[in-house]
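Take a look at this single chain in structure tokens; it is the form predicted on its own.
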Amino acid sequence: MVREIKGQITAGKGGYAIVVSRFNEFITSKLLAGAIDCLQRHGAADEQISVVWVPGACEITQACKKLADSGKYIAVLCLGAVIRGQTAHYDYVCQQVVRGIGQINYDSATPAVFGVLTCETLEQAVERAGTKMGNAGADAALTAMEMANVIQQISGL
């Protein structure tokens, strides 16, 4: 018989860390609220959720790495909002965050979930923070629960 591993979308018993950027807080606070609400709806108690605020998107990766390496969490959610301006700064920030979170996933047994909006306009960010396009923070929470469950199953093989 073929063994199949599928993650369950349930909070389980482990802890979840959420790293959230203070830059563009009018967007990131909505992502955070969506993530917390989703975790709680799937069984997470307040004591299972830790929130770490960092100044900007580039700082997300350092906090995420420390949290992932701590062994205290079964997943780390990374939430931020990078909105294109009139300079190349947007491109550099996006590249740094994507690369950093990807590297954490290669180096750590703890899933680091990418919930950073990379939008061309403020309107796109607003749409992804709880209006027409749903809430990317809630989507990150769903991914975190599923990946934590998959990793736990793999570890038990």
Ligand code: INI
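For every residue, the number given is its place in the sequence shown, counted from 1. Quick caveat, the model's predicted, so the values are computed rather than measured.
We do not show the form predicted in complex with the ligand, though everything after this point is about it.
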| task | Decide whether residue 78 counts as a contact residue for the ligand in the predicted bound form under a heavy atom distance cut-off of 4.5 Å. | result | no
| field | Any non-hydrogen atom of residue 82 within 4.5 angstroms of the ligand in the predicted bound form | value | yes
| task | Check whether residue 93 has any heavy atom within 4.5 Å of a heavy atom of the ligand in the predicted bound form, and answer yes or no. | result | yes
| residue 51, heavy atom within 4.5 angstroms of the ligand in the predicted bound form | no
| task | Please name which of the stretches 57-65, 128-136, 105-113, 38-46 has residues with heavy atoms lying within 4.5 Å of the ligand in the predicted bound form. | result | 57-65
| query | Relative to the ligand in the predicted bound form, which residues of 1-37 have a heavy atom no more than 4.5 Å away? | reply | 21, 23, 24
